[in-house]
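Given next are two forms of a protein chain, the same chain in both, each as structure tokens and marked structure 1 or structure 2.
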Structure 1
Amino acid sequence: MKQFTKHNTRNSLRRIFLYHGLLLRLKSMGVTRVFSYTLAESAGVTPEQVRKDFSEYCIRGNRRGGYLTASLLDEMEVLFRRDRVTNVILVGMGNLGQALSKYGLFIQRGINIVATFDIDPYKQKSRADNQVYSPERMQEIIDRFHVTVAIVAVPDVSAQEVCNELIGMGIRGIVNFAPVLPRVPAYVVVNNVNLSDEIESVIWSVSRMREKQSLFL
């Protein structure tokens, strides 16, 4: 097993996944060899950054030859467990949950939503193509499919409760779309995604930029 001595940072991990996505695209475009500056260019970072990031995860290139797209991808996929499909569950089948359950890119990336859950009995019935389960069956499905990661897309008021239940049933990683930060034990990983915040920060950056610019008009 590989050891990462340095405490690899959240930022470098994010970038690694970004590189991975870019590499998939490059490979599909028939690019067999990439250089640190190729990736840097597409990722909007410096070439040194790319090399440092790879170095942190003990990914080596070939001096003068750069990296072979295919073997770099293989190495990354083994390293980051993307060589196998991971079963996840999705809790909360509101608008966002329904979209996520149908989002085609997940399965392309080895993310398999094995089951979706909602407390609303109407939602449980309504979808013939994609069965929505009652939360009662959660434990059973988590056990059967060895699920450790859940996507939470429930309303803010139920988010904490749902997270607590999931953790009690063995879930160890949560991608949380509810606009609250759930409180979890240290052995559980949470990634909070707040769609409103993402848009608001752009709105603000734009309006600030316009103000600055208008000073020079």
Structure 2
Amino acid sequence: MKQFTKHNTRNSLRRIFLYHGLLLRLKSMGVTRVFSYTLAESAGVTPEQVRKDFSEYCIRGNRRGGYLTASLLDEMEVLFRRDRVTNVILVGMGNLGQALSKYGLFIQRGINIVATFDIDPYKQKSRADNQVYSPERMQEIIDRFHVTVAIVAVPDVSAQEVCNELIGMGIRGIVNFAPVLPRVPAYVVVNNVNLSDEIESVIWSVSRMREKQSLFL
């Protein structure tokens, strides 16, 4: 019997992306050299964690002399393979899917949405910046553009079926915005992004902070 698992991006890689954003801001401010404690303070981790993360991804630096900002960014660009464009597809053109399809920063970071899909014939016929195709053409486009990663923004009731179809067509990485956890084979990477959970977690944290503060008033 085939086993299923949920394979998420490692936390250390998520932190590398966070460090990358921090370094870009520091570079824009004219900062040419940074230390692990500088990044640690902004990222909410320890300097030891920063150095450990860099070591895991073979990012080099000088513990005493710090890191050259430009060199760190260059190494991260190589790590993220920003020197080439990766083709992806987007399935589900509701409000969220439409917003994702128009997100300009994707192409700046080497992410090219080559096609979008929806079962709604009206959306397939309507004029848009990105042509919306029938799901019947997914295999054709996946093969033509050598796509291995898909963004899924369909209703929860359809998410598992859509993921199954994508995997059968050769997709090996899925960014899932549906509020469910799809069951996928161990060789498929899935990142589940639940926007409602993210917002609620912030609301809960703010409420807890207020409750704690009120105890000292």
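Please read these numbers as outputs of a predicted model, since none were measured by experiment. Note that the rigid core is defined as the largest set of C-alphas that superpose within 1.5 Å between two forms. Each residue is numbered by where it sits in the sequence of structure 1, with counting from 1.
Asker: Only one is the form predicted alone; which?
Answerer: The chain shown as structure 2 is the form predicted alone.
Asker: Spell out whether the Cα of Met29 moves at least 2 Å between structures 1 and 2 when the two forms are superposed on their rigid core.
Answerer: It does shift by 2 Å or more.
Asker: Does Thr46 move its CA by 2 angstroms or more between structures 1 and 2 when the core is aligned?
Answerer: Superposed on the core, Thr46 moves its C-alpha 2 Å or more between structures 1 and 2.
Asker: Once everything's superposed on the core, is Gln108 shifted 2 Å or more at the Cα between structures 1 and 2?
Answerer: False for Gln108: its C-alpha shift is below 2 Å.
Asker: Core-aligned, what's the Cα displacement of His20 between structures 1 and 2 in Å?
Answerer: Displacement of the alpha carbon, after core fit: 2.9 Å.
Asker: How much does the C-alpha of Ser71 move between structures 1 and 2, in Å, given a rigid core overlay?
Answerer: Comparing the two forms, Ser71 shifts 4.1 Å at C-alpha.
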